[in-house]
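Just the one chain here, the form predicted on its own, laid out as structure tokens.
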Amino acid sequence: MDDELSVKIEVPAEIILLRPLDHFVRILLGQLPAFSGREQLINNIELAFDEAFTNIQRHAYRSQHKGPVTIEIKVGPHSLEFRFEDQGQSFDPSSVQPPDLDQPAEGGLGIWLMRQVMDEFHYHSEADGKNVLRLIKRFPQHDGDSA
């Protein structure tokens, strides 16, 4: 794939939409040659996507009213990017402590998991109140591929 493919979806941050979004992401990942035969990698990337959406739904929009989330999925020649934008409550990801895996607790794994699975994790809040989360996964190099 030489050109960048971009899909943009705007949905309310409702948990009922997670499964259809998740299904779309899984099917898309399965179509990318870079992930062919790499089911565990697809599972991990799908999990990172799920965690990002769920965190927005639970934490950015804590009230009954769930605001909009704009999700952009970009597939380039060398990487995949998920970009999430919301107008909910912002947070400081550096304030989130890594989990104690020896004493697991309910919750608190989302950001850690996204950082473990994806190659890049970028979060910032803009002056207009928009929060932006970018998760980037570089495509794995197959044996015999040139760099």
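Just so it is clear, the model here is predicted, and its values are computed rather than measured. In case it trips you up, residue 1 is the first one in the sequence shown, and so on.
The protein also exists as the form predicted together with a further copy of the same chain; that form is not presented, and the subsequent description refers to it.
At a distance of at most 4.5 angstroms from a further copy of the same chain in the predicted bound form, all three residues Pro12, Ile16 and Phe24 contribute at least one non-hydrogen atom. Taking the partner from elsewhere, Gln31 is found to have a heavy atom lying within 4.5 Å of a further copy of the same chain in the predicted bound form. Although the partner is absent here, Ser6 is a contact residue: one of its heavy atoms lies within 4.5 angstroms of a further copy of the same chain in the predicted bound form. In the predicted bound form, none of the heavy atoms of Gly129 sits within 4.5 Å of a heavy atom of a further copy of the same chain.
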